[in-house]
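This document opens with one chain alone, in structure tokens, the form predicted on its own.
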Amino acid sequence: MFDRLRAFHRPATVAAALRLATAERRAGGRGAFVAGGTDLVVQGDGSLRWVVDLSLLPLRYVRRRGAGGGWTIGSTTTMADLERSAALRRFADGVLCDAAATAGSPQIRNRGTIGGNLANASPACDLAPPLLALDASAVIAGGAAGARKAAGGRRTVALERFFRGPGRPALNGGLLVEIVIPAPPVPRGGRAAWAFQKLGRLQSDIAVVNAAAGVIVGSDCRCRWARIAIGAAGPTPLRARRAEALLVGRPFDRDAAQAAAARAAGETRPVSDVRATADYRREMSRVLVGRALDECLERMGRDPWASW
């Protein structure tokens, strides 16, 4: 697939990577940024004429986000890095670690990156549901002429708006450089829990459906904040906003969890393909969201089958 390349670049800075990509686009022909390359090789796109390799850029990190909490993750951080991160294992019940651990075989996880996983914009992206459940945003350098940018030519896009369709990330010629995760708004005396669920032929396969949930309850055991995200059940990974709204303000128990799971399934827009029918995906969305919410109950120290 690379026999028709006219140029291969390996810059050491983000600015150089953007300059090279701009120059190549002006010269004509399709090209790509590449980090681990696991998606690019599978796609087998023989029309590529240039590649900008990101492996030397200083974007492989997991860092605390100031005194207020939260995290920043560089885009060339591998799935294996996330899976093995002791710091992330202690954050949000390790939901990102759990999702990363299902993203292909160990060999794939050692090469594949968080940036590539998101920029590929697959509806079945394994990291999208937990990141959506954590209110994450994508930081993009370059591209999008006329868009409002922060200092240094970078702009921040809520992850929910990052996915525009299958294979269509909101990069507009820019480069995904970082993922930002804010600190969860847990009130004094409150509790929080997150969970990730995936259905595939094998755990490491492309998801038939995947889902993540995050719930915060106050000291009165009523839900204050809820996030439910589902992948492989529509043209993009999606937030089940009506299901979230059903939880907020009421006691968080199994009845509430199952009602929210049923509503979440109704918000999906699945298709039939070689992996599953649309009806099966919709039903499994209900099942997986229900399991994720039950797991949140358990992590809060409650029996999902008991009432508050």
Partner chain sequence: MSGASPPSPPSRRAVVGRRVRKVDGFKLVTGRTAFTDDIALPGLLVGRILASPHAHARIRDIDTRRAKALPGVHAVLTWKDVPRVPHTTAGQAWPEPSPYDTYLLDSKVRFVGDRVAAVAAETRAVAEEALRLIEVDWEVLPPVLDMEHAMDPGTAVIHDEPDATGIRDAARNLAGDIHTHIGDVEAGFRESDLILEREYRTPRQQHAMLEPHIVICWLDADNRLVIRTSTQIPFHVRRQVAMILRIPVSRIRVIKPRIGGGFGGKQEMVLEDLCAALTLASGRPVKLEYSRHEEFFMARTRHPQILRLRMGVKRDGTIVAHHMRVLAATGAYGSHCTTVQGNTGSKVLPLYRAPHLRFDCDVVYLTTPQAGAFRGYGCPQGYFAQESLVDEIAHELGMDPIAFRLKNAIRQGDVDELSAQLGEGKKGLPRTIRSCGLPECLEKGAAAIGWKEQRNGGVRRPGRLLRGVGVATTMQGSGIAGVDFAGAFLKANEDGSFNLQVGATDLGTGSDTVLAQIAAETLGVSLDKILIYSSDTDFTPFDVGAYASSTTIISGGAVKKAAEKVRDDMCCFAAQLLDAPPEDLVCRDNRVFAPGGKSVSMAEVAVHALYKEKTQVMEGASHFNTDSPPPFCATFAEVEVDTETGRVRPVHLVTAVDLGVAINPMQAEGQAEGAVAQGLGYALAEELVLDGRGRPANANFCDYKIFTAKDMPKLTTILVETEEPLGPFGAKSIAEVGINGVAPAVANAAFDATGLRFRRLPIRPDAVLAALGGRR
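From a predicted model like this one, the values you see are computed outputs, not experimental measurements. Positions refer to the first chain, counted from 1.
One more form of this protein should be noted, the form predicted together with its partner chain, which is absent from this view; the next part is about it.
None of 55-63, 236-244, 27-35, 273-281 except one has non-hydrogen atoms within 4.5 angstroms of its partner chain in the model of the complex; the exception is 273-281. Proximity of residue 201 to its partner chain in the model of the complex falls within the 4.5 Å heavy atom cutoff. Interface residue remark: residue 6 is not counted as part of the site for its partner chain in the model of the complex, having no heavy atom within 4.5 Å. Although the partner is absent from this view, residue 220 stays clear of its partner chain in the model of the complex, with no non-hydrogen atom inside 4.5 angstroms. The shortest heavy atom separation between residue 23 and its partner chain in the model of the complex exceeds 4.5 Å. Only one of 170, 88, 108, 206 lies close to its partner chain in the model of the complex, with a heavy atom inside 4.5 Å, and it is 206. The contact with its partner chain in the model of the complex, taken as any heavy atom within 4.5 Å, belongs to 104 out of 104, 184, 190, 74.
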